[in-house]
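Read the single chain below, which is given as structure tokens and is the form predicted alone.
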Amino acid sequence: MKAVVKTRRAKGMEFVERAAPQLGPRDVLIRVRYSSICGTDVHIFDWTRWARKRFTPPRILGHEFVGIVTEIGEEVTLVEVGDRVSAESHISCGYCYQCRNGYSEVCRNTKLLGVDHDGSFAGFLALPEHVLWKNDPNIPDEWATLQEPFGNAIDTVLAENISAKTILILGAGPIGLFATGIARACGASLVIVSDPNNYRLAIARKMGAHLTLNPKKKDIVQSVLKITENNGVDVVLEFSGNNQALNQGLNVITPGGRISILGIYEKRVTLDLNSDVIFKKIRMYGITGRKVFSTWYKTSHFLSSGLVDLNPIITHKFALKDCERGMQLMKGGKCGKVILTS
């Protein structure tokens, strides 16, 4: 089969021939229909500081997908041949302290799909049955492949109730755009999106943002305080991974508000804990992955019911062999979500 593989410890990747994966007794073979490119894949492609510390080649990339079960191991009971599935990308052990306390997304022995386990940028993918998710028939393939990152946005937005709250979203990458739609669907009274990319700000408006701000042209702190009559916002959702944006967000949270942080930072961050967090009594949430599998149920309900429309975010589709074109678009911020066809 053809696959996109990170073959060496350097920038780039290769489109090569690989043997189809073998199955264990509880494994499932999936014919991949669609995959989508994630920021994590771009980090690996670009061989960033995070990738150099976390990733060991060779490995097939990709972890957001939808596909059809074509073969099952002899002990598999949860799915059947012909089922249309996606998967949780955190392959947890099920036995550690975190797993047994309901935090399998931070399992101490977790293997990440496309990082520690061969991923979905291939014709076929083999996974243990316990990470699979049977897709609602009302969710189209293009949306089904986005459920994994959409779940990240759900947990970031809904770490607490947001009904009638004022919200600042920092970063209009795909997950920030998902969050915009989720916040509107859940009754946020004001959704402000900040990003230096006008292309993505235009998508944010299609997703329901009341106000979009470009920090290259507007002072974010002054603009947010002005529109909120100097109160600041109830909630900040940080997706950018940018230290300056993080501090802007902390500056404009109203005392007693909260911030949820999903962005990944290339360097250590600096912030004023005393003034911006402690004395303002800010609640701060670190978000990683999804709550397995409760967030998947929420994702399925959001998408199958039409509460959030993902079509404005899906801007490009390429054949798997043209994956690098999608990577370059992601790097340049000239896209929303890029989908690959296997």
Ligand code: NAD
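Numbers for residues come from their place in the sequence shown, where the first is 1. This structure is a prediction, so every number in the text was calculated from the model and none was measured.
In what follows, reference is made to the form predicted together with this ligand, a form of this protein that is not presented.
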Note: this ligand not shown here; in the predicted bound form, the stretch from 127 to 135, 225 to 233, 158 to 166, 259 to 267 having heavy atoms within 4.5 Å of it is 259 to 267
Which residue, 252, 122, 183, 175, is the contact with this ligand in the predicted bound form, using a 4.5 Å heavy atom cutoff? 175
Since exactly one of 294, 48, 305, 288 fits, which has a heavy atom within 4.5 Å of this ligand in the predicted bound form? 288
Indicate whether residue 143 is a 4.5 Å heavy atom neighbour of this ligand in the predicted bound form. no
Might residue 247 be said to contact this ligand in the predicted bound form, defining contact as any heavy atom within 4.5 Å? no
With heavy atoms only and a cut-off of 4.5 Å, decide whether residue 94 touches this ligand in the predicted bound form. no
Look up in the predicted bound form whether residue 73 has a non-hydrogen atom within 4.5 angstroms of this ligand, and give yes or no. no
What residues in 231 to 245 sit within 4.5 Å of this ligand in the predicted bound form, counting heavy atoms only? 239, 240, 241, 242, 245
